[in-house]
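Shown here is one chain on its own, the form predicted on its own, set out as C-alpha coordinates.
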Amino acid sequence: MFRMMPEQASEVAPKIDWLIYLITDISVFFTVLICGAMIYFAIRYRQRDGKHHETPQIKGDHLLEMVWTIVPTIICIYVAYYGVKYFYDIRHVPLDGDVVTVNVQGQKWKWDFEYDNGKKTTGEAVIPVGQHVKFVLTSRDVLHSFFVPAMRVKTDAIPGRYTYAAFKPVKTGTYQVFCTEYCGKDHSMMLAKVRVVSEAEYKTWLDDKSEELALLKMTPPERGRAAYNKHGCNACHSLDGSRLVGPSFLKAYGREGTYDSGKKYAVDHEYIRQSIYEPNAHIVDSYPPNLMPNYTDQVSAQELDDLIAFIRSLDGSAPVAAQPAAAAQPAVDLAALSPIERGKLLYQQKICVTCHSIDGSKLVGPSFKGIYGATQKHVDGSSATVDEGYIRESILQPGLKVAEGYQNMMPPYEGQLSEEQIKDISEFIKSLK
(Lines give C-alpha, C1' and ligand atoms only; values in the text may rest on other atoms or scores of the structure.)
Protein backbone atom coordinates (compact mmCIF):
# COMPACT_ATOMS: atom_id res chain seq x y z
CA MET A 1 0.00 0.00 0.00
CA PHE A 2 1.28 3.50 -0.92
CA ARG A 3 4.56 2.20 -2.37
CA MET A 4 5.72 5.52 -3.80
CA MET A 5 9.32 5.93 -2.61
CA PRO A 6 11.96 6.83 -5.25
CA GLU A 7 14.56 4.48 -6.67
CA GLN A 8 16.66 2.54 -4.15
CA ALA A 9 20.32 3.26 -4.95
CA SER A 10 22.10 2.71 -1.61
CA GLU A 11 22.66 -0.25 0.67
CA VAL A 12 20.43 1.15 3.40
CA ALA A 13 17.58 2.31 1.13
CA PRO A 14 15.57 -0.99 1.19
CA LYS A 15 15.72 -1.03 5.01
CA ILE A 16 14.49 2.55 5.28
CA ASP A 17 11.68 1.88 2.83
CA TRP A 18 10.61 -1.28 4.65
CA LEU A 19 10.33 0.61 7.94
CA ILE A 20 8.46 3.53 6.35
CA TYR A 21 6.02 1.17 4.65
CA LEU A 22 5.53 -0.77 7.90
CA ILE A 23 4.66 2.43 9.80
CA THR A 24 2.36 3.53 6.97
CA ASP A 25 0.55 0.20 6.81
CA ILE A 26 0.07 0.04 10.60
CA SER A 27 -1.18 3.65 10.63
CA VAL A 28 -3.65 2.99 7.81
CA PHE A 29 -4.87 -0.24 9.47
CA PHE A 30 -5.60 1.39 12.83
CA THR A 31 -7.04 4.52 11.22
CA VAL A 32 -9.54 2.40 9.28
CA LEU A 33 -10.27 0.26 12.38
CA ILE A 34 -10.86 3.19 14.75
CA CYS A 35 -12.68 5.47 12.29
CA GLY A 36 -14.70 2.50 11.05
CA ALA A 37 -15.82 1.75 14.60
CA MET A 38 -16.75 5.41 15.12
CA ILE A 39 -18.86 5.43 11.96
CA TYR A 40 -20.50 2.10 12.88
CA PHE A 41 -21.49 3.31 16.37
CA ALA A 42 -22.69 6.67 15.00
CA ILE A 43 -25.02 4.85 12.61
CA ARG A 44 -26.00 1.97 14.93
CA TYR A 45 -26.99 4.19 17.85
CA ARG A 46 -28.34 7.18 15.97
CA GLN A 47 -31.67 8.76 16.86
CA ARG A 48 -34.48 6.95 15.01
CA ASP A 49 -38.20 7.62 14.62
CA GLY A 50 -37.73 10.88 16.52
CA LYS A 51 -37.02 9.01 19.73
CA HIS A 52 -33.93 8.47 21.84
CA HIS A 53 -32.89 4.86 22.31
CA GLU A 54 -30.93 3.94 25.37
CA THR A 55 -27.60 2.25 24.74
CA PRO A 56 -26.32 -0.61 26.87
CA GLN A 57 -24.37 0.46 29.94
CA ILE A 58 -20.84 -0.95 29.61
CA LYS A 59 -18.82 -0.62 32.79
CA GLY A 60 -15.53 -1.84 31.33
CA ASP A 61 -13.56 -4.83 30.08
CA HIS A 62 -10.13 -5.49 31.59
CA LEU A 63 -9.09 -7.81 28.75
CA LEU A 64 -9.93 -5.16 26.15
CA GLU A 65 -8.03 -2.51 28.15
CA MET A 66 -4.98 -4.77 28.29
CA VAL A 67 -5.13 -5.54 24.55
CA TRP A 68 -5.29 -1.93 23.38
CA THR A 69 -2.50 -0.98 25.79
CA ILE A 70 -0.09 -3.88 25.32
CA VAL A 71 -0.43 -4.30 21.52
CA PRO A 72 0.38 -0.61 20.66
CA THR A 73 3.25 -0.70 23.17
CA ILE A 74 4.76 -3.78 21.51
CA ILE A 75 4.36 -2.16 18.08
CA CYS A 76 6.04 1.07 19.25
CA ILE A 77 8.98 -0.85 20.77
CA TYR A 78 9.34 -2.92 17.58
CA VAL A 79 9.34 0.17 15.34
CA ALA A 80 11.66 2.08 17.69
CA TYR A 81 14.17 -0.79 17.71
CA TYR A 82 14.47 -0.87 13.93
CA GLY A 83 14.42 2.93 13.77
CA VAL A 84 17.48 3.13 16.03
CA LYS A 85 19.16 0.22 14.25
CA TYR A 86 18.75 1.73 10.78
CA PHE A 87 19.71 5.20 12.01
CA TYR A 88 22.96 3.67 13.21
CA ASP A 89 23.46 2.10 9.77
CA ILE A 90 22.97 5.50 8.12
CA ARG A 91 25.37 7.29 10.47
CA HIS A 92 27.99 4.55 10.73
CA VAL A 93 31.10 4.92 8.59
CA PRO A 94 33.37 1.85 8.73
CA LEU A 95 36.92 2.52 9.87
CA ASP A 96 38.37 -0.40 7.94
CA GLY A 97 38.40 -0.62 4.16
CA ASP A 98 38.22 2.17 1.63
CA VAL A 99 35.94 5.12 2.39
CA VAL A 100 35.66 7.84 -0.23
CA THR A 101 35.55 11.19 1.53
CA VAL A 102 34.20 14.22 -0.30
CA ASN A 103 34.18 17.71 1.22
CA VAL A 104 30.98 19.58 0.38
CA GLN A 105 30.37 23.31 0.77
CA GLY A 106 26.91 24.74 0.37
CA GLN A 107 26.53 28.33 -0.74
CA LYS A 108 23.61 30.29 -2.13
CA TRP A 109 22.79 28.68 -4.48
CA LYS A 110 25.16 25.83 -5.38
CA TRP A 111 27.01 22.80 -4.02
CA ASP A 112 30.84 22.63 -4.33
CA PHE A 113 32.66 19.30 -4.00
CA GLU A 114 36.36 18.71 -3.24
CA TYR A 115 38.23 15.38 -3.14
CA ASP A 116 41.29 14.32 -1.15
CA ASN A 117 43.60 14.82 -4.13
CA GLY A 118 42.43 18.42 -4.57
CA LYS A 119 40.06 17.87 -7.48
CA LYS A 120 37.08 20.22 -7.33
CA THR A 121 33.70 20.22 -9.01
CA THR A 122 30.54 22.31 -8.78
CA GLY A 123 27.07 20.88 -9.17
CA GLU A 124 28.16 17.26 -9.61
CA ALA A 125 29.84 14.70 -7.36
CA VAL A 126 31.31 11.54 -8.90
CA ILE A 127 31.61 8.49 -6.63
CA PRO A 128 32.39 4.78 -7.15
CA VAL A 129 29.75 2.08 -6.85
CA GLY A 130 30.11 -0.49 -4.06
CA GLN A 131 32.26 1.68 -1.77
CA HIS A 132 31.28 3.56 1.36
CA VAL A 133 31.08 7.31 0.73
CA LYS A 134 31.21 10.09 3.31
CA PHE A 135 30.15 13.60 2.36
CA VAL A 136 31.58 16.06 4.92
CA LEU A 137 29.28 19.07 4.90
CA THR A 138 29.59 22.72 5.83
CA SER A 139 28.16 26.03 4.59
CA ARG A 140 29.73 29.33 3.56
CA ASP A 141 26.70 31.46 4.36
CA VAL A 142 23.35 30.19 5.73
CA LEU A 143 21.83 26.89 6.77
CA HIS A 144 21.42 24.40 3.91
CA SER A 145 20.36 20.74 3.86
CA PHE A 146 21.97 18.09 1.64
CA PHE A 147 19.35 15.58 0.51
CA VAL A 148 19.85 12.65 -1.90
CA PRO A 149 16.45 10.88 -2.08
CA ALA A 150 17.70 7.81 -3.97
CA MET A 151 20.28 7.20 -1.21
CA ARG A 152 17.81 7.97 1.62
CA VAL A 153 20.18 10.43 3.33
CA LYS A 154 19.61 14.02 4.40
CA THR A 155 21.88 16.14 6.62
CA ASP A 156 22.09 19.87 7.36
CA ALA A 157 25.08 21.89 6.16
CA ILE A 158 25.73 24.39 8.95
CA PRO A 159 27.97 27.50 8.81
CA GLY A 160 31.01 27.11 11.08
CA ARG A 161 30.43 23.39 11.73
CA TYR A 162 31.06 20.06 10.04
CA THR A 163 28.37 17.41 9.62
CA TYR A 164 28.29 14.40 7.34
CA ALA A 165 26.09 12.15 5.22
CA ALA A 166 27.26 8.60 4.56
CA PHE A 167 26.00 5.73 2.41
CA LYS A 168 27.13 2.88 0.16
CA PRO A 169 25.83 3.15 -3.44
CA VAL A 170 24.80 -0.18 -4.94
CA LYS A 171 24.03 0.78 -8.55
CA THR A 172 25.46 3.13 -11.14
CA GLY A 173 23.50 6.10 -12.41
CA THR A 174 22.93 9.79 -11.88
CA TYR A 175 20.88 10.87 -8.86
CA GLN A 176 19.39 14.23 -7.90
CA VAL A 177 20.57 16.31 -4.92
CA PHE A 178 18.28 18.89 -3.33
CA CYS A 179 18.63 21.56 -0.67
CA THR A 180 15.72 21.00 1.74
CA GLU A 181 16.34 23.96 4.05
CA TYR A 182 14.94 27.28 2.77
CA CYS A 183 17.98 29.45 2.07
CA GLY A 184 16.73 32.37 -0.02
CA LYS A 185 14.91 33.29 -3.21
CA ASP A 186 16.64 30.67 -5.42
CA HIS A 187 16.43 27.88 -2.83
CA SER A 188 14.47 25.64 -5.19
CA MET A 189 17.22 25.92 -7.80
CA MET A 190 20.01 24.82 -5.44
CA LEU A 191 20.44 21.48 -7.18
CA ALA A 192 23.29 19.10 -7.88
CA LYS A 193 23.87 15.56 -9.14
CA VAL A 194 25.54 12.51 -7.63
CA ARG A 195 26.96 10.38 -10.45
CA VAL A 196 27.77 6.80 -9.44
CA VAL A 197 30.24 5.08 -11.77
CA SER A 198 32.35 1.92 -11.81
CA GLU A 199 35.53 1.88 -9.73
CA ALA A 200 37.72 1.94 -12.85
CA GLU A 201 35.85 4.92 -14.31
CA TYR A 202 36.01 6.72 -10.96
CA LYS A 203 39.78 6.33 -10.71
CA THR A 204 40.24 7.55 -14.27
CA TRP A 205 38.01 10.56 -13.59
CA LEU A 206 39.69 11.36 -10.27
CA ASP A 207 43.19 11.26 -11.77
CA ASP A 208 42.22 13.37 -14.79
CA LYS A 209 43.93 16.72 -14.22
CA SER A 210 43.62 18.04 -17.76
CA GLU A 211 41.53 21.09 -16.80
CA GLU A 212 43.73 22.02 -13.84
CA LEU A 213 46.92 21.51 -15.83
CA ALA A 214 45.60 23.63 -18.68
CA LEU A 215 44.83 26.46 -16.25
CA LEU A 216 48.25 26.17 -14.59
CA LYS A 217 49.93 26.60 -17.95
CA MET A 218 47.98 29.77 -18.68
CA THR A 219 48.94 33.29 -17.62
CA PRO A 220 46.47 35.32 -15.50
CA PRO A 221 45.27 37.31 -18.56
CA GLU A 222 44.70 34.05 -20.45
CA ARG A 223 42.72 32.64 -17.54
CA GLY A 224 40.83 35.94 -17.43
CA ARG A 225 39.91 35.58 -21.11
CA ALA A 226 38.62 32.05 -20.35
CA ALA A 227 36.51 33.45 -17.50
CA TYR A 228 35.32 36.26 -19.80
CA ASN A 229 33.92 33.63 -22.17
CA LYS A 230 32.77 31.21 -19.47
CA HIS A 231 30.60 33.75 -17.64
CA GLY A 232 29.14 35.32 -20.78
CA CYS A 233 30.84 38.71 -20.39
CA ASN A 234 31.31 38.64 -24.18
CA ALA A 235 27.55 39.10 -24.63
CA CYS A 236 27.64 42.65 -23.28
CA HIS A 237 31.28 43.85 -23.24
CA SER A 238 33.28 43.96 -26.46
CA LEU A 239 37.09 43.75 -26.72
CA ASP A 240 37.47 46.03 -29.73
CA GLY A 241 36.00 49.29 -28.44
CA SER A 242 32.56 48.81 -29.99
CA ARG A 243 29.55 49.63 -27.84
CA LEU A 244 27.29 46.76 -26.77
CA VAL A 245 24.95 46.54 -23.78
CA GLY A 246 27.83 47.53 -21.46
CA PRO A 247 31.11 49.45 -21.87
CA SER A 248 33.88 47.86 -23.93
CA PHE A 249 36.84 46.30 -22.09
CA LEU A 250 39.34 47.77 -24.59
CA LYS A 251 41.50 50.36 -22.79
CA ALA A 252 39.07 50.17 -19.86
CA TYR A 253 41.65 49.98 -17.04
CA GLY A 254 42.55 53.51 -15.95
CA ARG A 255 39.73 55.04 -17.96
CA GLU A 256 37.92 57.95 -16.29
CA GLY A 257 34.27 58.75 -16.70
CA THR A 258 31.02 59.80 -15.06
CA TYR A 259 28.24 57.81 -13.43
CA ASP A 260 24.62 58.61 -14.22
CA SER A 261 24.54 60.30 -10.80
CA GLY A 262 27.16 62.77 -11.97
CA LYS A 263 29.91 61.33 -9.78
CA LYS A 264 33.35 60.82 -11.37
CA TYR A 265 35.05 57.42 -11.47
CA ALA A 266 38.30 55.81 -12.58
CA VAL A 267 38.53 52.12 -13.54
CA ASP A 268 40.86 50.32 -11.13
CA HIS A 269 40.89 47.02 -9.22
CA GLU A 270 38.17 48.09 -6.77
CA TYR A 271 35.99 49.50 -9.55
CA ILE A 272 36.09 46.17 -11.42
CA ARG A 273 35.41 44.18 -8.24
CA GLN A 274 32.37 46.30 -7.42
CA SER A 275 31.13 46.19 -11.01
CA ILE A 276 31.12 42.38 -10.90
CA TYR A 277 29.80 41.82 -7.38
CA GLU A 278 27.61 44.95 -7.06
CA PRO A 279 26.83 45.86 -10.68
CA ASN A 280 23.96 48.21 -9.92
CA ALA A 281 25.69 50.21 -7.19
CA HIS A 282 26.90 52.68 -9.86
CA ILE A 283 25.78 52.92 -13.48
CA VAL A 284 28.04 54.46 -16.12
CA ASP A 285 26.42 57.47 -17.76
CA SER A 286 24.43 56.70 -20.95
CA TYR A 287 24.05 52.98 -20.12
CA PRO A 288 20.79 51.40 -18.87
CA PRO A 289 20.60 50.18 -15.23
CA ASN A 290 19.62 46.77 -13.89
CA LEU A 291 20.79 44.77 -16.91
CA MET A 292 23.89 43.08 -15.50
CA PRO A 293 23.28 40.24 -13.01
CA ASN A 294 25.14 39.99 -9.71
CA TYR A 295 28.06 37.55 -10.05
CA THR A 296 28.87 37.21 -6.34
CA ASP A 297 28.02 33.50 -6.31
CA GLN A 298 29.47 32.76 -9.74
CA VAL A 299 32.86 34.48 -10.05
CA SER A 300 35.46 33.23 -7.54
CA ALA A 301 38.16 35.43 -6.01
CA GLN A 302 40.76 33.80 -8.28
CA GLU A 303 38.63 34.40 -11.36
CA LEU A 304 38.17 38.02 -10.29
CA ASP A 305 41.94 38.52 -10.15
CA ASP A 306 42.30 36.88 -13.55
CA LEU A 307 39.56 39.05 -15.09
CA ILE A 308 41.28 42.17 -13.76
CA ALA A 309 44.58 41.00 -15.27
CA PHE A 310 42.81 40.35 -18.59
CA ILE A 311 41.18 43.80 -18.65
CA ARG A 312 44.50 45.45 -17.78
CA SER A 313 46.13 43.64 -20.71
CA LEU A 314 43.65 45.20 -23.14
CA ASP A 315 45.56 48.49 -23.31
CA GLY A 316 45.47 48.81 -27.09
CA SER A 317 49.17 48.07 -27.52
CA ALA A 318 48.39 44.81 -29.31
CA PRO A 319 45.54 43.74 -31.58
CA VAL A 320 42.81 41.79 -29.85
CA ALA A 321 43.46 38.09 -30.42
CA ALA A 322 40.73 36.24 -32.21
CA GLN A 323 38.60 33.96 -30.12
CA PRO A 324 39.99 30.41 -30.45
CA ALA A 325 36.54 28.89 -30.65
CA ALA A 326 35.46 31.21 -33.44
CA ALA A 327 38.61 30.54 -35.45
CA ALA A 328 38.05 26.80 -35.21
CA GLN A 329 34.45 26.93 -36.44
CA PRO A 330 33.95 26.00 -40.08
CA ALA A 331 31.64 27.99 -42.34
CA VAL A 332 28.03 26.87 -42.02
CA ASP A 333 25.66 26.50 -44.96
CA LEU A 334 22.57 28.00 -43.35
CA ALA A 335 20.38 27.07 -46.31
CA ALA A 336 21.15 23.40 -45.70
CA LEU A 337 19.98 23.62 -42.09
CA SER A 338 16.43 23.23 -40.85
CA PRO A 339 14.77 26.18 -39.03
CA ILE A 340 15.30 24.35 -35.71
CA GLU A 341 19.02 23.85 -36.45
CA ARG A 342 19.42 27.50 -37.46
CA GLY A 343 17.58 28.54 -34.29
CA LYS A 344 19.93 26.44 -32.17
CA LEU A 345 22.93 28.02 -33.89
CA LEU A 346 21.56 31.51 -33.17
CA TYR A 347 20.88 30.47 -29.56
CA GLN A 348 24.61 29.76 -29.22
CA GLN A 349 25.95 32.65 -31.32
CA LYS A 350 23.78 35.36 -29.74
CA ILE A 351 24.77 34.18 -26.23
CA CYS A 352 21.19 33.18 -25.29
CA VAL A 353 22.95 30.15 -23.79
CA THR A 354 24.41 32.24 -20.95
CA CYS A 355 21.00 33.23 -19.56
CA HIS A 356 18.48 30.63 -20.80
CA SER A 357 19.04 26.92 -20.27
CA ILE A 358 17.50 24.20 -22.44
CA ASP A 359 17.33 21.53 -19.72
CA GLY A 360 14.85 23.16 -17.34
CA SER A 361 17.45 24.61 -14.95
CA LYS A 362 17.09 28.23 -13.84
CA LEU A 363 19.73 30.74 -14.92
CA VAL A 364 19.47 34.53 -15.25
CA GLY A 365 16.33 34.08 -17.36
CA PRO A 366 13.64 31.38 -17.73
CA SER A 367 14.60 28.05 -19.26
CA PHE A 368 13.53 27.46 -22.86
CA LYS A 369 12.59 23.84 -22.14
CA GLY A 370 8.82 23.38 -22.27
CA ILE A 371 8.13 27.11 -22.29
CA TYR A 372 6.44 27.20 -25.71
CA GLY A 373 2.67 26.98 -25.27
CA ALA A 374 2.92 27.48 -21.50
CA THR A 375 1.29 30.32 -19.60
CA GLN A 376 3.92 32.78 -18.40
CA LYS A 377 3.16 34.94 -15.37
CA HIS A 378 4.73 38.40 -15.13
CA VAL A 379 5.96 40.58 -12.29
CA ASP A 380 3.10 43.05 -12.88
CA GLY A 381 0.52 40.31 -12.22
CA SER A 382 -0.44 39.75 -15.86
CA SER A 383 0.04 36.51 -17.78
CA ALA A 384 0.27 35.41 -21.40
CA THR A 385 0.68 32.27 -23.50
CA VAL A 386 4.15 31.84 -24.97
CA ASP A 387 3.81 31.74 -28.77
CA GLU A 388 5.68 33.19 -31.78
CA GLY A 389 4.41 36.69 -31.08
CA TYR A 390 5.37 36.48 -27.42
CA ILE A 391 8.89 35.27 -28.26
CA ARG A 392 9.34 38.02 -30.87
CA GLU A 393 8.31 40.70 -28.39
CA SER A 394 10.55 39.22 -25.67
CA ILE A 395 13.56 39.39 -28.02
CA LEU A 396 12.97 42.88 -29.41
CA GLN A 397 11.42 44.55 -26.33
CA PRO A 398 12.30 42.36 -23.31
CA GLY A 399 11.32 45.01 -20.75
CA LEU A 400 7.63 45.03 -21.70
CA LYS A 401 6.85 41.72 -20.00
CA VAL A 402 9.23 40.51 -17.27
CA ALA A 403 8.69 36.91 -16.13
CA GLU A 404 7.67 36.39 -12.51
CA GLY A 405 10.68 35.63 -10.33
CA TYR A 406 13.15 37.33 -12.67
CA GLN A 407 14.57 40.82 -13.19
CA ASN A 408 14.64 42.97 -16.32
CA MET A 409 18.24 42.18 -17.30
CA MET A 410 17.95 41.18 -20.96
CA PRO A 411 19.27 43.69 -23.52
CA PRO A 412 16.98 44.50 -26.49
CA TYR A 413 17.97 42.74 -29.73
CA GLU A 414 16.13 45.16 -32.01
CA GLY A 415 18.25 45.73 -35.10
CA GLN A 416 20.43 42.68 -34.38
CA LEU A 417 18.12 39.93 -35.63
CA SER A 418 16.05 39.66 -38.80
CA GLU A 419 12.46 38.47 -38.82
CA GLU A 420 13.63 35.20 -40.38
CA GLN A 421 16.16 34.66 -37.57
CA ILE A 422 13.51 35.34 -34.94
CA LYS A 423 11.27 32.72 -36.57
CA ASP A 424 14.17 30.22 -36.48
CA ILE A 425 14.70 30.88 -32.76
CA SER A 426 10.96 30.37 -32.19
CA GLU A 427 11.10 27.02 -34.00
CA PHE A 428 14.06 25.96 -31.87
CA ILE A 429 12.26 26.94 -28.64
CA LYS A 430 9.12 25.17 -29.87
CA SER A 431 11.13 21.94 -30.30
CA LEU A 432 12.29 21.92 -26.66
CA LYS A 433 9.45 19.87 -25.14
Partner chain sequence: MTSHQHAANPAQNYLNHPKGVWSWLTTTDHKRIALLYLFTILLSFFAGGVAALVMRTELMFPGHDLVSADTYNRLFTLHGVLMIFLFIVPGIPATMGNFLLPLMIGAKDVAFPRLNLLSYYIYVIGALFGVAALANPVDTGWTFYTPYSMDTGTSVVLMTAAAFILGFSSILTGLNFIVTVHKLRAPGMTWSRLPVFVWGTYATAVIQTLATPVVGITLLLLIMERLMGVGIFDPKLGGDPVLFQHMFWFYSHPVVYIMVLPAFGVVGEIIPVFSRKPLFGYRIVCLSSLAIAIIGFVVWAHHMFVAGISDTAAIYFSIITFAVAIPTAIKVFNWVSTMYKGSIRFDTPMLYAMGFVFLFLVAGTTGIYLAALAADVFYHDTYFVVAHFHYTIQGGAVIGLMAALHFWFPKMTGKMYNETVGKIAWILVFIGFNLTFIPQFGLGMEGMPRRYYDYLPEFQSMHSLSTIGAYVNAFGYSFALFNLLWAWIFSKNYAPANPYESLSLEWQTPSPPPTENFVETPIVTDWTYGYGTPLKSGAH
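Positions refer to the first chain, counted from 1. All values derive from a computational prediction rather than experimental measurement. Rigid core: the largest C-alpha set superposing within 1.5 Å between the two forms.
Form predicted in complex with its partner chain: not shown, discussed below.
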item	value
Contact assignment for its partner chain in the predicted complex, among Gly83, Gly130, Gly254, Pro289, heavy atom within 4.5 Å	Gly83
Contact residue in the predicted complex, from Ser248, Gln298, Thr163, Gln105 (heavy atom within 4.5 Å of its partner chain)	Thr163
Partner-proximal stretch of 234 to 242, 299 to 307, 72 to 80, 268 to 276 relative to its partner chain in the predicted complex, 4.5 angstroms, heavy atom	72 to 80
Contact label in the predicted complex: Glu222 to its partner chain, heavy atom within 4.5 Å	no
Residue contact check: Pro149 to its partner chain in the predicted complex, 4.5 Å heavy atom	yes
Contact label in the predicted complex: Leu314 to its partner chain, heavy atom within 4.5 Å	no
Close approach of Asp61 to its partner chain in the predicted complex, 4.5 Å, heavy atom	yes
In the predicted complex, residues of 171 to 190 near its partner chain [heavy atom within 4.5 Å]	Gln176, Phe178, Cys179, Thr180, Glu181, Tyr182, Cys183, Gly184, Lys185, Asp186, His187, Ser188, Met189
Rigid core superposition, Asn280 Cα moves 2 angstroms or more between the shown form and the other one	yes
Post core alignment: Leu33 C-alpha displaced by 2 Å or more between the shown form and the other one	no
Pair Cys183/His378, Cα separation in the predicted complex versus the displayed form, closer or farther by 3 angstroms or more	farther
In the predicted complex, whether the C-alpha atoms of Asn280 and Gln105 sit closer or farther than here (change of 3 Å or more)	closer
